[in-house]
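A single chain comes next, written as structure tokens; it is the form predicted on its own.
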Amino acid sequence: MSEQKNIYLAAAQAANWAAQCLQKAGAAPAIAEAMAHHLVAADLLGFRTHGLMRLGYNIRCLQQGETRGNGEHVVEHQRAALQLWDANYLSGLYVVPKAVNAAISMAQQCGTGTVVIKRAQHVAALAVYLEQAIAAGMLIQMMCATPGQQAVAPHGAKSAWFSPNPFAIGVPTQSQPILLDISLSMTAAGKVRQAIAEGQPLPYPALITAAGDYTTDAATFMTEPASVLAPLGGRDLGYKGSGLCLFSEIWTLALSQFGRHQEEPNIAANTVWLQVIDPSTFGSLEAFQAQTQALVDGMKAATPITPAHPVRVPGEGALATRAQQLQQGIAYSPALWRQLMKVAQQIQVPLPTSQNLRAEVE
């Protein structure tokens, strides 16, 4: 008997269905469209833990009033190349691309533009916002922290203080752009939850138990007392990740002046720092791209440890995954598809029919 594997869905169909679900949950059409687009964009790039896997969560937040379904952000403070926004619990999936555009406009005038956003609900994968700036010939860097969440231990501790803060950069070259999106903890909380759902251990010791031991046992993340995420660098070099977590929270929480003592516990609203730089401020864009291309060419020319696994430039794998999935459809595992079926039943927006998808079978 054949065994069903992945289910494939065209990106446009996935985004259209998700937008309908989000509208049914209370999001205004433009907000629902932006939320759906950026969740599906994460799936296209292979960021599964930040794609439609989080649709049900976003719907619950809308239904329970934790995420606002309409309205706009407020610009609280600004100078020529700096702005502080209060999203007031609008979805980050809607607000962040607006902030990137604002930063691009400032950079076109001033050479650089920085926006800090507080109280933005689910931001998802930072990688999905990078190409906005790259398309305008700009560099972009982003950081995000969650003042209501404590999940990452400072180095040398077994209790948490930081959130699992992501850091991302996007850079134009003469060929494919550089896209880097990493967590400043050993792994993201979403990947731990995914390992728990699949009954699998983590690939490396990324958790610290209540006893102070490093472990690959993802299930300890849900025990009482629960394990916590280790900072990037792990047991021996975690002081590097710990310092980077502190850096990211200064640049987000401290600059926004909205920190852990102000946010309600268990509220998952985010603070985002993003900066765009126009390289043409320093000379021609073409000369800058020649320099970045030389850097990535040098990386690619380095002798690999294993010839079958050549050196990859950040973003290369994600862009290849997107290209494949745009042609063949986004691959959803049977387990995730069951989650989406539950969402469809609860919100009463049917999933695309079997004529709009194909199952991969052995």
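Bear in mind that the values here come from a model prediction, so they are computed numbers and not experimental data. Start at 1 and count along the sequence shown; that's the residue number.
One more form of this protein should be noted, the form predicted in complex with a further copy of the same chain, which is absent from this view; the next part is about it.
a further copy of the same chain in the predicted complex is not approached by Y94, whose heavy atoms all lie more than 4.5 angstroms from it. At least one heavy atom of H155 is located within 4.5 Å of a further copy of the same chain in the predicted complex. Mapping the unseen interface onto this chain, Q327 falls outside it, with no heavy atom inside 4.5 Å of a further copy of the same chain in the predicted complex. Within 4.5 Å of some heavy atom of a further copy of the same chain in the predicted complex lies at least one heavy atom of L255. Contact annotation: of the candidates V74, M222, A290, A197, the single residue with a non-hydrogen atom within 4.5 angstroms of a further copy of the same chain in the predicted complex is A290. A heavy atom within 4.5 Å of a further copy of the same chain in the predicted complex is found for one listed residue only; from A124, A269, A103, V116, this is V116. Looking at 27-35, 291-299, 47-55, 63-71, the stretch with residues near a further copy of the same chain in the predicted complex, meaning non-hydrogen atoms within 4.5 angstroms, turns out to be 291-299. Residues L232, G233, D236, L237, Y239, K240, S242, G243, L244, L246, F247, E249, I250, W251 of 219-251 are found to place at least one heavy atom within 4.5 Å of a further copy of the same chain in the predicted complex.
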